[in-house]
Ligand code: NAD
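Consider the single chain below, provided in structure tokens and representing the form predicted on its own.
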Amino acid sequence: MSISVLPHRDELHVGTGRLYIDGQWCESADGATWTHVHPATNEEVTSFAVADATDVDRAVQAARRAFDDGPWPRMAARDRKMLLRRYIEALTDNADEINRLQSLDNGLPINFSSMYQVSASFAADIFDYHTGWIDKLVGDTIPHFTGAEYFSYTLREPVGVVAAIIPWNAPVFLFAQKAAPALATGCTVVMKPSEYASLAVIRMTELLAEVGFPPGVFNLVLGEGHATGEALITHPLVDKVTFTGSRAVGQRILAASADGIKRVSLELGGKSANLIFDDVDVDMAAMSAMGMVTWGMSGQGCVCQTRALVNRTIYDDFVDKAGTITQMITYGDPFSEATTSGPIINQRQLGRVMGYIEKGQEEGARLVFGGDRPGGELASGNWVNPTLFADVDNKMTIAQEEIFGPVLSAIPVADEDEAIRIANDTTYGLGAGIQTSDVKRAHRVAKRLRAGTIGVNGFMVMPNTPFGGYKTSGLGREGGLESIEAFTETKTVDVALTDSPI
């Protein structure tokens, strides 16, 4: 007996599998295709077109024309809002289908795929938030510094053609996180999803086309990063690149952006710490810490708190309780409501996760639970049992490098100062968690942590709050006013009010 996702494919509207360029669905120039393999079973689900450099050029050229000569950047705020409102309604009406396509994409359990923060409902809210800014993109009037007869003011204008590249772990959320502010500000977009998760994005693009966006405003190219993505980030007519993914690719994007001085927003992952103090409910702390890296995405989230820095007075109790939590995980058919956690996205990443687990044992960490793969009906998929390491030293590889799998490293700490020092002792700085019942400590510690998003006794990303990282976790912020600013340029205008200006 084995699980299979293929019956669920037949229940869903699996899209055209084609590229969307200049308002038209089309095949790739060279006829190349990619076969989508589901990570839970390694079954071949469907195939779709792969864009080469010629296709990418066509898409960017279309976006360029739509920005330079088309109506979108010059459209009345009321009309642009009305069109985006229709799209929000379409997302809401098709939310269940999009969530299920996401599970067919990457193996997210359907209960998790439908949870607010990674769901189509959340994507609709992200679009709703940014749509609200369309008629509020105001500049400033500035008194002239010398008092001369000038009227000086600023305008906030769209940055231009945006290349948006998103990963496979939360494609629905990240589609909205990048497309919503870009479209709201009047930019045009060429989006490339991960080749491992394109189905939900294809459907979201179909809905964009159906509600009537002008040709060239939004374009979709599919394919691998080394070819399709490279052609997109190096294209001379792209004004801005917004990317979520690995640090190595982010570094490549930064290097490629130098030629045209492209604007760049990068969210590049993390090695977030969860600081657990001795005034907490240990059962709840263990549930929260272990759940963060095992439920849902199985640790395949950039902001997952994969280092638990636990006060020594509760450390042994925490490790015991966390080990118990791992036994509550249920693997299986992602479309079953009984399944709590998903598979690793592909076999290459599966090998990488298992390599880190082996490295942790070699370097002296104590394996408390897991560290292996399930057998039986799950053997054909990319599954890794939830894994807990104890007595980890922060200099170990598993404490310094992003594993992107269901692996938690527990590190004992003596006091608040040591917890903060160890939390900051990483090249990353995306997020951190603080678990304490002392409100003064919570604010004190949050201020000292070098990370972009801090969760105190909980954590949520919202459309109206900025999200991003310090250090090598990236550049810029997504969400809130800062995401609007990231897709605009500021123009200063000086108007002489006299016939004899200085």
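Numbers for residues come from their place in the sequence shown, where the first is 1. These numbers were taken from a predicted model, which means no experiment stands behind them.
One more form of this protein should be noted, the form predicted together with this ligand, which is absent from this view; the next part is about it.
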item: Every residue of 84, 157 and 188 near this ligand in the model of the complex, heavy atom within 4.5 Å; value: no
item: Partner contact for residue 226 in the model of the complex: this ligand, 4.5 angstroms, heavy atom; value: yes
item: Distance check, residue 206 to this ligand in the model of the complex, heavy atom within 4.5 Å; value: no
item: Contact label in the model of the complex: residue 127 to this ligand, heavy atom within 4.5 Å; value: no
item: Heavy atom of residue 270 within 4.5 Å of this ligand in the model of the complex; value: yes
item: In the model of the complex, the one of 333, 416, 402, 239 near this ligand [non-hydrogen atom within 4.5 angstroms]; value: 402
item: This ligand: the contacting residue among 386, 245, 381, 109 in the model of the complex [heavy atom, 4.5 Å]; value: 245
item: Heavy atom contact within 4.5 Å of this ligand in the model of the complex, the stretch among 96-104, 180-188, 353-361, 166-174; value: 166-174
item: Within 430-458, the residues that have a heavy atom no more than 4.5 Å from this ligand in the model of the complex; value: 430
